[in-house]
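For reference, the chain that follows is the form predicted alone, supplied as structure tokens.
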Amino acid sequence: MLVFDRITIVGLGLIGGSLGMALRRKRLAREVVGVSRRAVTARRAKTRGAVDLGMMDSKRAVREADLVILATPVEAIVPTALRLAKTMRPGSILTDVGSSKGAIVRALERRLPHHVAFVGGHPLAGSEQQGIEAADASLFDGSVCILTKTARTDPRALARVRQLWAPLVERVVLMSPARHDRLLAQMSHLPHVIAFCLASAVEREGLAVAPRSFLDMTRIAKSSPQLWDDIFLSNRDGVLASMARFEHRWRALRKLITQGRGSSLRRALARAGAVRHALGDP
């Protein structure tokens, strides 16, 4: 089902490479062009089937694109968008896959040239692995993609980006950038904060006998620090609010343990367990 003629993906890491593979698998574009700063990555992306054409010249790569997808680190999205939009043709669409949305959407809605429409996007899929070698065409299967909608969002561009994601994920959800950042701070950013803290809070001696529960809870602490420090800082208010909410629950549970209140502790654990059971298994 052809949706776009040419799609250019800027950034060929785990997400960009996987997206290219998924787009080509579903035949959603006549041509998928990938951009990397490293020639070896661009070549490898083509070899792995992530792109039809790998390039290093980003301005040339976006010149004839109908859709440009920015799969760069969060801190690079705005400057990259502003640099490339000048080269993009009238009527083209720019979107991203960044894990925070508020600051990005505000900046680009104010500063992008009028001939380019922007739609903020965030597929809720990923891995602690990195790079084009970790790319997987099935990465987005069964996942959710959030697209942001504001008073300034071009409805036709939003509809086309939604049409692109619909065959790749289980659900496409529209929400404001502010709501995205509040919810993702709780459901994605906070778990990473906790995993990083937990991995650094244990005695080294204990690592030799680490049980499966510890390995499961700290798996995402293997994620890229360069990626996650950008996310934490770009959604600082949301992350701090979710940390405060967690601290409140932490103190309440600590108090019950300190006071030896077994029945109250069991009820608190049961309430938390009911929330998790309601989600089912992945």
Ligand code: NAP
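We number the residues from 1 along the sequence you see. Computed from a predicted structure; not experimentally measured.
Although it is not shown, the form predicted together with the named molecule is what the next lines describe.
Check: Which pick from 131, 206, 191, 155 sits with a heavy atom within 4.5 Å of the named molecule in the model of the complex?
Finding: Contact residue from the list: 131.
Item checked: The unique member of 227, 253, 221, 53 whose heavy atoms fall within 4.5 Å of the named molecule in the model of the complex -> Contact residue from the list: 227.
Notebook entry, point to check: Any idea which of 155-163, 84-92, 171-179, 115-123 reaches within 4.5 Å of the named molecule in the model of the complex, heavy atoms considered?
Noted result: The contacting stretch here is 115-123.
Check: Is the named molecule close enough to 14, 38 and 97 in the model of the complex that each of the three has a heavy atom within 4.5 Å of it?
Finding: Contact check passed for all of 14, 38 and 97.
Notebook entry, point to check: Heavy atom to heavy atom, is residue 239 within 4.5 Å of the named molecule in the model of the complex?
Noted result: Outside the cut-off, so no.
Check: in the model of the complex, does residue 183 have a heavy atom within 4.5 Å of the named molecule?
Finding: Outside the cut-off, so no.
Notebook entry, point to check: Are any of the heavy atoms in residue 231 no more than 4.5 Å from a heavy atom of the named molecule in the model of the complex?
Noted result: Residue 231: contacts the named molecule in the model of the complex.
Item checked: Distance check, residue 148 to the named molecule in the model of the complex, heavy atom within 4.5 Å -> Answer no; every heavy atom of residue 148 is more than 4.5 Å from the named molecule in the model of the complex.
Next item on the list: Any residue of 63-77 with a heavy atom within 4.5 Å of the named molecule in the model of the complex counts; write them all down in order.
Entry: Heavy-atom contacts within 4.5 Å come from 71, 72, 73, 74, 76, 77.
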